[in-house]
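Next up is one chain by itself, shown in structure tokens, the form predicted alone.
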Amino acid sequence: MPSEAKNIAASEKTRSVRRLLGGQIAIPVLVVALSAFGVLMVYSASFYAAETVCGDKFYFMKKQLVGFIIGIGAMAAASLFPYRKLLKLKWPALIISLVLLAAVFIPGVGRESYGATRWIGLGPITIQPSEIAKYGFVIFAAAYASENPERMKKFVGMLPVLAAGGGICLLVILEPNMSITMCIGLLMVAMLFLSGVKIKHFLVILIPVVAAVPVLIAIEPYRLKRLYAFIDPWQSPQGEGYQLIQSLYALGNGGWLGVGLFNSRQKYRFLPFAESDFILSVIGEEFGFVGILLLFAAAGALIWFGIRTAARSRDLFGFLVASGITLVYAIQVVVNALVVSGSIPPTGLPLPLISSGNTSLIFTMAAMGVLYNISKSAKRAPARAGGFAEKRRAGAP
């Protein structure tokens, strides 16, 4: 009997490890760990500015902590909600996204900051609709494509997804917010590709999208200035090049192991948006290159589990939703890292789960709850059946 009990305990331990490696446990664990670290870093990056401007050094941290707590609840609820019921919400998800994006232009409703109107004000609460619209588009595109996969092979059949993505991009660029527009544009192209759109139709979309980028840059003088600042930030060290130079100072000062938690110098109002778009610079200064590597190892693991969940999904809808959620997170992580390091022109884009901003934090955590839900469903599928992606590669219907 003792031997049998040991075997049962060992078997249970093996199953727990398999669940972890299968993405069932790792997804929420990584999300909570990254978000908790984000709360800590928001405090570290903002306490001086918060005390100077707001008279409370915990001001930004308390807001982030509230978002973290609500986000945990949203992730838990999403992990319990049967994800296939989202199929019926494709039109509400799209309509709500468009309505919220349009609402920012209503006088008295939209909130302006630094020349951009990107937020809706509800008393003391502000909501950034573009953070919601990304996931609304994922639900719509995944549901539409999975209802009738064959129509996505026809140019006319894919037009609703194209129109939905284009409409969201148009409203976001009018705010203006080119960084989120670019992310949603990349997401739309990727979702169409994963939905089985033919290459010739795909190119018809991709070529105009690529051609539109320089046009969008050229029509706004401030974007051209940012481009020039990217090419040579020292041409305007007190102007458009200032933020990038201060970011590079922070990363350089961090060296290999950093100057220590709470010891960043650039956050003392040298580096603009230290708690939001450029929080990675503060992380690099305080934890060094090794700290950034560990952070991106955790982010990379979350992306890998998302890809694995999509590959093992039981159906096309699960595959597309898991892929879309993973893409939203991956695109923002990569773009934010490239901006902070000066690899691409500066643009305002937060580091998901880490940067200050409750709308982004809550909805990203909720989306990760859906991803976790899909991974559980994939795990319940018979082992011999394989995932949707595997069936697709094998040519199964």
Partner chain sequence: MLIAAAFLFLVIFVRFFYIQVISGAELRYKAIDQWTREIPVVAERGKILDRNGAILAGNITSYTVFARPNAVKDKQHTAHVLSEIFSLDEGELYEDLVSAKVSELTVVRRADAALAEELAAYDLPGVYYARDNTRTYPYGELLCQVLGFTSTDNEGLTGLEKYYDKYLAGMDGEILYDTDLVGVEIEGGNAAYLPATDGLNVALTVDKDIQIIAEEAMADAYLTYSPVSAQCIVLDPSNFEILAMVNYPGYDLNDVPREDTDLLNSLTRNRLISDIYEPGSTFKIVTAAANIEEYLQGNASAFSLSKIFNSSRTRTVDGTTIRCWSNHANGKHSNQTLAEALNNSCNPCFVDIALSLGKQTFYDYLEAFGFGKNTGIDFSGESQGMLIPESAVRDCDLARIGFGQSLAVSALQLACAGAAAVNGGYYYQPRLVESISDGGNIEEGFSPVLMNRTVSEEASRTLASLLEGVVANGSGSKAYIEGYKVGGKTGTAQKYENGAIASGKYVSSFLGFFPADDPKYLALVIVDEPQGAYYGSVVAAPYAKRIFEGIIEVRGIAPYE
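Positions refer to the first chain, counted from 1. Since this is a predicted model, take the numbers as computed values, not measurements.
What comes next is about the form predicted together with the partner chain, which is not displayed.
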item: 4.5 Å heavy atom contact with the partner chain in the predicted complex for all of G252, Y268 and I292; value: yes
item: Contact assignment for the partner chain in the predicted complex, among V29, L40, L65, A337, heavy atom within 4.5 Å; value: A337
item: Residue among G136, G241, G185, G288 with a heavy atom within 4.5 Å of the partner chain in the predicted complex; value: G288
item: Heavy atom of G300 within 4.5 Å of the partner chain in the predicted complex; value: yes
item: In the predicted complex, W91 touching the partner chain (heavy atom, 4.5 Å); value: no
item: Contact of F262 with the partner chain in the predicted complex (heavy atom, 4.5 Å); value: no
item: Q246: touches the partner chain in the predicted complex, heavy atom cutoff 4.5 angstroms; value: yes
item: Interface segment, criterion being heavy atoms within 4.5 Å of the partner chain in the predicted complex, picked from 145-153, 199-207, 81-89, 252-260; value: 252-260
item: Within 41-56, the residues that have a heavy atom no more than 4.5 Å from the partner chain in the predicted complex; value: Y48
